[in-house]
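The form predicted alone is given below as one chain in structure tokens.
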């Protein structure tokens, strides 16, 4: 497979997203080409990912002449915390990391968010390279520079906008994912299918349910990255259009928090959130019943949930007050006025409450 390149163009600089089979074994050379003055790296990952890819990454970094350390954190959303970040600061200090030391995030969305947050805040910012190994991270969280840790009351509420210097995506890593890990990535893929419009919708529809042919996902990964790169380039700091990338996330993030980041993974929660957003849009007269059924069919083909199980809807409602899109006491949702037509709109609290009831 040849390497595809997507460029994120920001107001002050740009960076590349490289997508191709086997890129992890070439990552040292790619990092050196992007950051020619870099000589020291700290790789942040978890034990499972390190067992799968650590050896190849080490070899590649050694061949490129880097001095490096690999540090691990426990796997799981609940470890994306200030406590974990503080432990990583200690590892960086013990390594003697300075402002020219590069952090490499090797893993899924949790590792990418946590390592990105640490890179953004250690010495007020040191270089960051993302090597996402899950579908969710490859199509979404590794791109765009949103870094964060969780608080017990809300997900991703403590963070910073901090762009990587480079993103290296090796689709071969998807072969090691469990069915559930693939599903959580498909939650974000389905999101892009609905907010971007018919071309990606039809492309995603054509590959679901998934087969064992991972190469079917590569064009979709590229398209999702291109769409997000365009949105981020227009609105890096989430002051306008970038909010559309949070389709399904209003209810989804609240559901994750209420479930203690254990019962639902991110893509599953976002799927329920998109179902809720579809119901709200239908109540506003913006989506037809056929369009709601289109979402149900695509999410169903991806194996994603559409309802909340054993969750108190009133607790989800309470958590919505921590949503970052909330302004002046108004509950704002990303909604669709048709496929490919996302908008941010305030929603009557009574409609939200009824919608949450419908999701149980």
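Residue numbers count along the first chain shown, from 1. Just so we're clear, the structure is a prediction, and the values are computed from it rather than from any experiment.
We do not show the form predicted together with nicotinamide-adenine-dinucleotide, though everything after this point is about it.
- nicotinamide-adenine-dinucleotide in the model of the complex is not approached by residue 223, whose heavy atoms all lie more than 4.5 angstroms from it.
- nicotinamide-adenine-dinucleotide is not drawn, but in the model of the complex it has no heavy atom within 4.5 Å of residue 81.
- Contact between residue 181 and nicotinamide-adenine-dinucleotide in the model of the complex is found at the 4.5 Å heavy atom cutoff.
- Within 4.5 Å of some heavy atom of nicotinamide-adenine-dinucleotide in the model of the complex lies at least one heavy atom of residue 75.
- Just one of 128, 287, 272, 136 comes within 4.5 Å of nicotinamide-adenine-dinucleotide in the model of the complex, counting any heavy atom, and that one is 136.
- Residue-level contacts in the model of the complex: of 195, 92, 177, 218, one residue has a heavy atom within 4.5 Å of nicotinamide-adenine-dinucleotide, and it is 177.
- Residue heavy atoms within 4.5 Å of nicotinamide-adenine-dinucleotide in the model of the complex occur in exactly one stretch of 44 to 52, 25 to 33, 288 to 296, 60 to 68, and that stretch is 44 to 52.
- By the 4.5 Å heavy atom rule, the three marked residues 108, 156 and 188 all count as contacting nicotinamide-adenine-dinucleotide in the model of the complex.
- Within 4.5 angstroms of nicotinamide-adenine-dinucleotide in the model of the complex, the stretch 255 to 269 places a non-hydrogen atom from 266 alone.
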